[in-house]
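Take a look at this single chain in structure tokens; it is the form predicted on its own.
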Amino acid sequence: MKNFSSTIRDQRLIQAALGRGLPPLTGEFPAIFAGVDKVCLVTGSDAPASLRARATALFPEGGQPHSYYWLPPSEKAKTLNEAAKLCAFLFSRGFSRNSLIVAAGGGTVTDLAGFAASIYMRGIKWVSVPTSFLGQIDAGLGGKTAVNLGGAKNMLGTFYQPALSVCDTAFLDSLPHAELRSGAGELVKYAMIGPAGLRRTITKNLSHALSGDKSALTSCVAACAEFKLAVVAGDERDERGMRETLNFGHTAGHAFEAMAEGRLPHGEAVARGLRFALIVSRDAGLLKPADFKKMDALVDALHLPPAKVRADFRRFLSLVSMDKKARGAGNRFILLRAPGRTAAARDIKDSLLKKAFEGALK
């Protein structure tokens, strides 16, 4: 499956290559690579050799000399210090405004490398190549780049679109079941907030995708990526309320992730954040019980392991109040009115939040 697509935002194209077993992309998108003097492939130091080989095959050296930069593994790499190290590496090798960064890896790699691309020489071109399931359906798309600060996720960042987003599901072949389940937390989110057609695609393929079925994974990646890129094209800088729907489940999910101190994968944290938001939506009278049951069953289908989060509700409240989407409120969440219909709510009572907090961590 090969699907080269572009979405128009104003007079600018948000371009993507979606599918499985994609060909070398320098020939498919010549305008992006024309005039590039140097290329830096950025990936994680723990990336398997197969990932590096696949990334190199998508971007063969040709006339542009390549440099290779390995980021430390895990979310701990998302710091200003690591971004500065990458920029210093580029500078030491003579990278210019005509150079290109290719970020191939999970969300940590695409977030940090995209951030470095946005600030190096006030901005150079970059290509996002998410190689995890979570990255291909969500984290590696959309042009939000960031590093963490003081334990809070993505507090320093920029809106900086990649010249190209590449989702090749051949990268997913070696992922263990736990990685697919983690990514499926974001997949379930799209089933809850997206249109009926997207919801049907996800519910039809969810169990097969979790088992590693290549066709199901490719169908889910293509459908979610197309949806997210369309949302981003209409609200790139999160100013019109369209892109905010993509944060469903994330305010609580980010808090759970921080409280777990590295013991809870992002996708699993989001899945529990989805359950939290569903409970609040139901108990606040927004979501009908029948719709709650249908949506909550999608979280059940992930068969989440026990949450490695200490049930410290006061800490949870502190973290959600610091969330960058709170906009000055004591708390602010994206909730669900019905499948495909979200609504923002603020300053929700602690008693309601506590019930949802306890339910999400069961």
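We number the residues from 1 along the sequence you see. No experiment lies behind these values; they were computed from the predicted model shown.
The protein also exists as the form predicted in complex with a small molecule; that form is not presented, and the subsequent description refers to it.
Given the stretches 198 to 206, 215 to 223, 279 to 287, 104 to 112, which is the single one in contact with the small molecule in the model of the complex, using a heavy atom cutoff of 4.5 Å? Single hit among the candidates: 104 to 112.
Using heavy atoms and a 4.5 Å limit, would one call Asp46 a contact residue for the small molecule in the model of the complex?
Judged by the heavy-atom cut-off of 4.5 Å, Asp46 is in contact with the small molecule in the model of the complex.
Would you classify Ala163 as touching the small molecule in the model of the complex, given a 4.5 Å non-hydrogen atom cut-off? Outside the cut-off, so no.
Practice item. Check whether Leu175 has any heavy atom within 4.5 Å of a heavy atom of the small molecule in the model of the complex, and answer yes or no. Key: The answer is yes: Leu175 has a heavy atom within 4.5 Å of the small molecule.
Q) Do Asn154 and the small molecule share at least one heavy atom pair within 4.5 Å in the model of the complex? A) Answer yes; at least one heavy atom of Asn154 falls within 4.5 Å of the small molecule in the model of the complex.
- Task: Tell me, out of Phe95, Phe171, Phe227, Tyr120, which residue has a non-hydrogen atom within 4.5 angstroms of the small molecule in the model of the complex.
- Result: For this set of options, the contacting one is Phe171.
- Message: Using a 4.5 Å heavy atom cut-off, which residue among Val231, Ile124, Leu86, Ala139 comes into contact with the small molecule in the model of the complex?
- Response: Residue within 4.5 Å of the partner: Ala139.
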